[in-house]
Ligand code: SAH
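First, one chain by itself: the form predicted on its own, in structure tokens.
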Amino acid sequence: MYLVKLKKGKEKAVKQLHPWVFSGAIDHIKGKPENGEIVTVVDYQNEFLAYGFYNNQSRVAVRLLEWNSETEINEEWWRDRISKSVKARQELQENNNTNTYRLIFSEADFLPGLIVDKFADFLSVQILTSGIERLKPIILDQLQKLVNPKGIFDRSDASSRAHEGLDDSSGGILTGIQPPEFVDVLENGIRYQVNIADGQKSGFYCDQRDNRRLVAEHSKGKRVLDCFSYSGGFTLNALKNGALEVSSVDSSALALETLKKNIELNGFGQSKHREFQSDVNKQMRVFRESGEKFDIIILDPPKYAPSRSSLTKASRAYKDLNRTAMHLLESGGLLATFSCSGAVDISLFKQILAWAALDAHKEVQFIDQFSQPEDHPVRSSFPEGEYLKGLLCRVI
């Protein structure tokens, strides 16, 4: 097997079970492994550390898989890993109110570069590393045996694959039948029509499942503003919980059209709902100019900080967005605000909210904190897997 020898002092993270070895930590490589091949990682004294995928085009040169030298990384190992991930979601599989969730979450499930989401009878798969790409037949076969979906659809993100030297492969059926244009799914007892083929990312943001329900518990009799509403997760939960009125803002016409279908699908009716196809910041300024106020505002923006290098710019964007929202709240109103940027930790996010409140001449009380649900676990040795955080704030 190929050997990847680390520089002196670079073995600490590996011994602490962190799954990434950066290219700068490597002293030299014995042999010429192809991208995606398994290599043995050793320290500067040639002592075994771990096995992992190698890739010479990625900043993360080795993605670690196994720290036991006596374990062989073979087909049985891969099938067992997939089985353990699926079994860990057993409670969700038995939940009659939800049939859409994440089955496999990359490094968190010891399968770096593999993301699998379940949408009723279909699976959406993202294959993002060269090592996983090599194993595609085994992965698809095991998923078919364990879950028996009607079809498995490829939604691999092109930019992530490019970092690994992989071609764009998104947008095709991998096994089984082609999903319909809209797949009818259930989350928290609410029905959604999900566009697996053309929707954002894997087709639906199941990482907000618990948070939608928690925020909605405050919605009865309230005027709610759902910003970056997409297909209406927060909107539908608020309507279900008796909101007086919900206004949904999104720049995507397709998202808002899907949201309208979802409202009708659940029998909520359109009388308590308004929709605005617009840039969120622009629409909030329109609301402010017209003197409109809300009791609850939900901010669930896209990733503003894809890396630490963009942290300063992203912090300003988060601050401006939240400051504007604070001006639209009735005194004592609630702001449910989120960040899916892994580079923004909860301490920084609280500081950004404090800056926003200061600029808006408001006082903020943090009354609840949100994270990602159980099907998006965070390994203790891989804190980078904790990307979603949110705060419920009372704005005075």
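Because the structure is predicted, anything quoted here is derived from the model rather than measured. The first residue of the sequence shown is number 1, and the count goes up from there.
Although it is not shown, the form predicted in complex with ligand SAH is what the next lines describe.
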{"query": "Heavy atom distance at most 4.5 Å to ligand SAH in the predicted complex, all of Phe234, Ser251 and Asp279", "finding": "yes"}
{"query": "Interface segment, criterion being heavy atoms within 4.5 Å of ligand SAH in the predicted complex, picked from 299-307, 263-271, 107-115, 217-225", "finding": "299-307"}
{"query": "Among the candidates Arg212, Arg155, Arg89, Arg323, the residue which, in the predicted complex, approaches ligand SAH to within 4.5 Å (heavy atoms)", "finding": "Arg212"}
{"query": "Heavy atom within 4.5 Å of ligand SAH in the predicted complex - residue from Tyr230, Phe287, Phe182, Tyr101", "finding": "Tyr230"}
{"query": "is_contact(Tyr205, ligand SAH) in the predicted complex, heavy atom dist at most 4.5 Å", "finding": "yes"}
